[in-house]
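The chain below stands alone, shown as structure tokens; this is the form predicted on its own.
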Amino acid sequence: MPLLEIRDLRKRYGAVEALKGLSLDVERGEFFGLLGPNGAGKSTTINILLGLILPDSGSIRVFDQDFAIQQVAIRRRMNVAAAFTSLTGVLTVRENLKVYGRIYGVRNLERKIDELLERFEITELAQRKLQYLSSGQHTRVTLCKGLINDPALLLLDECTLGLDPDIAEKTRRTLQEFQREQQTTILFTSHNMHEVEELCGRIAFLSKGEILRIDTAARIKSLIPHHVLEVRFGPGIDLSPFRHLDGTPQAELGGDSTLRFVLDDPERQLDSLLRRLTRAGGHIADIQITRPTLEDVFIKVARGEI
């Protein structure tokens, strides 16, 4: 049975229909991505799950309980870490975490805070006030807050914003370790396509309040079927004869003695294409295949091309 069940969720803001019957299941212990351009409905979904806004219709079940009826009890087993979570600037890191730990009734709170500060490598910041932290340090404190109660359901919204690449990589690894240890179900939103692909087993791709597809990153990338093959030839060669060879896709000229081919089925086309180019007298110096990425899909969805 799924830990989180959303059925036909709808929300309208005046003339704007933010959610148009959104339905999805998130399994217990799953790292699940919620992806889409601005206005897709991600924030509305998260805010409904946080109890900050009410849906117009639809239902949510969490831990096999009706969210509308058991919201207080359910939320005690949840938590959130978002890029713009408001922590208190005049309190120290430890004081902020104590506040939330007491709200959630965390036992052995001091020890729990110490463990989290060590996990995110910010032990030395414990007595520093939030208002004096960098954005990356603030982000890691926010993640400590999100894990303070060992939540069974964790909502992460742009939670690595402001982190430099090294710290972001360590943070993703820390989240993966925590998720495996606690079997926490994580609903994850981000505009960083690399980390979505790295962390999430399945992804719901939203567009204009509807789910375009729920699948793995690899299968979502197949929404763009073509690959780009760049073939670089030896210097000084005339590329014109190779642009329109019989039985090969038409090529575009690139820089540095390069032709660019768009392949719809690279496994079938690649070997034949390279053989034809070689037989026609082309001395191939290098090849590179560019496969579709989540970012490519994201851009096409944002532009209404998918």
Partner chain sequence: MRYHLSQDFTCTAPAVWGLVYKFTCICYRSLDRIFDIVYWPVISLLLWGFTSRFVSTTSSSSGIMEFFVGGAVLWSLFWRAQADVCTFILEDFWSRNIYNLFASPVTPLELFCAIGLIGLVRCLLSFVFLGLLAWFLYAFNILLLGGTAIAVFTTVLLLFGWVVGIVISALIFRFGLRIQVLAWSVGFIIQPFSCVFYPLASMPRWVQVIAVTLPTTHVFEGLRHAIATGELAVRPLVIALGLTCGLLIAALLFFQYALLQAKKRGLLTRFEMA
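Here the structure is a predicted model, which is why all the values come from computation and not from measurement. Residue numbers count along the first chain shown, from 1.
Omitted here: the form predicted together with its partner chain. The next part is about that form.
With a 4.5 Å cutoff on heavy atoms, residue 242 does not count as touching its partner chain in the predicted bound form; it lies far away. Contact between residue 41 and its partner chain in the predicted bound form is not found at the 4.5 Å heavy atom cutoff.
Its partner chain in the predicted bound form is not approached by residue 233, whose heavy atoms all lie more than 4.5 angstroms from it.
Within this chain, residue 46 lines the site of its partner chain in the predicted bound form, having a heavy atom no more than 4.5 Å away. The candidate spot formed by 69, 76 and 88 is fully in contact with its partner chain in the predicted bound form: every one of the three has a heavy atom within 4.5 Å.
Between 276 to 284, 48 to 56, 260 to 268, 23 to 31, the stretch whose residues reach within 4.5 angstroms of its partner chain in the predicted bound form through a non-hydrogen atom is 48 to 56. Residue in contact with its partner chain in the predicted bound form (any heavy atom within 4.5 Å), chosen from 170, 98, 226, 191: 98. A heavy atom within 4.5 Å of its partner chain in the predicted bound form is found for exactly one of 211, 152, 117, 82: 82.
Contact residues in stretch 5 to 36 (any heavy atom within 4.5 Å of its partner chain, taken in the predicted bound form) are 11, 13.
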